[in-house]
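To begin, one chain is listed below as structure tokens, in the form predicted on its own.
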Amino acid sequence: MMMTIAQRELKTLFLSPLAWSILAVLQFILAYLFLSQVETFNAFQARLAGIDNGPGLSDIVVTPLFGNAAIILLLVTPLLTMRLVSEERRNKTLSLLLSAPVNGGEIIAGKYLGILGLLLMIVALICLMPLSLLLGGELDLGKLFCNILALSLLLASFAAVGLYMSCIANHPTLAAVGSFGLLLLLWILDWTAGVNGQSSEVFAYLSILQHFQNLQSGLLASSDVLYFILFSATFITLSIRRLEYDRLQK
């Protein structure tokens, strides 16, 4: 049943013009940024060749590409997740879904896997750009893998937050605004960590940006991977509890 819900969600997303529009705009913007970074590398290639252990294609093109993709998807993901549950509630179909012989965990897992499938397709499309550089240059494949992993884990976290906000909001627009606000707060949380020379290890650890950048740098630490897994699991659990609460209210 879980996979049936996931397939239905993914199919619904692709039947929506919103998903296609977002994919097209996203690819256009990222392709422009990617080509700009390639042009910058070509302009400084001669100087970089004379520097010992100087930055290469991976540092100048790949890492900024995935960093820019993360920022743009911070804005885009709430638009893709906003209707997951709140649309069902608004269309009065949530009660039908809750009365079906399927538990809340399977419903939430199905909807999460559906949106995660679309987000991983976006990651796959983004990967085609740096991989095209292998035709005429050399890449640090280890750093490329870390960037792919970092963006995939980040989007899994974004999807979990968006799903939870969709569970508690009565309208998709409210879910999108709530998701964006919470993700932005978690993104900039470590900005206050060093204000006035006072560091906050708690804020620094909770900051989603810091863990993302750690992975992006090529340092594959289990603590950063575990952070994203626990982050996603927490919001998925909250979503299940919220759906079970709705079931009890029926």
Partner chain sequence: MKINRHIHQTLRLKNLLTTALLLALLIVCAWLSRQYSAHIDLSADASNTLSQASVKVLNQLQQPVHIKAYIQEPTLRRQISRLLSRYQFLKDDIDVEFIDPTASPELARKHNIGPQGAVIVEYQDRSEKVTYLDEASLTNTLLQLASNQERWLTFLGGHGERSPSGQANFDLGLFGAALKKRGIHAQSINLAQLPSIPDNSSVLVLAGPAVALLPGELEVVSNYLDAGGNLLLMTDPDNLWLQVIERQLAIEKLPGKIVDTRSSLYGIDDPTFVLASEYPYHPVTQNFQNITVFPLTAALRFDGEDNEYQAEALLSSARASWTEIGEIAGKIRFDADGEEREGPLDFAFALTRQLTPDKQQRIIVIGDGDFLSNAYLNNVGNLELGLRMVNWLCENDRFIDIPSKATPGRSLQLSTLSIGIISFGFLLILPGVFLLAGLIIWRRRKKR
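Residue numbers count along the first chain shown, from 1. All figures in this text were calculated on a predicted structure; none of them were measured in a lab.
Another form, the form predicted together with its partner chain, is not on view; read the next lines as being about it.
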item	value
Residue 140 within 4.5 Å of its partner chain in the predicted complex, heavy atoms	yes
is_contact(residue 128, its partner chain) in the predicted complex, heavy atom dist at most 4.5 Å	yes
Partner proximity in the predicted complex: residue 40 to its partner chain, non-hydrogen atom cutoff 4.5 Å	no
Residue contact check: residue 184 to its partner chain in the predicted complex, 4.5 Å heavy atom	no
In the predicted complex, segment of 173 to 181, 145 to 153, 110 to 118, 67 to 75 with a heavy atom within 4.5 Å of its partner chain	145 to 153
Heavy atom distance at most 4.5 Å to its partner chain in the predicted complex, all of 7, 104 and 189	no
Residues in 200 to 237 with any heavy atom within 4.5 Å of its partner chain in the predicted complex	201, 205, 210, 213, 214, 217, 218, 219, 220, 221, 222, 223, 226, 230, 233, 234, 237
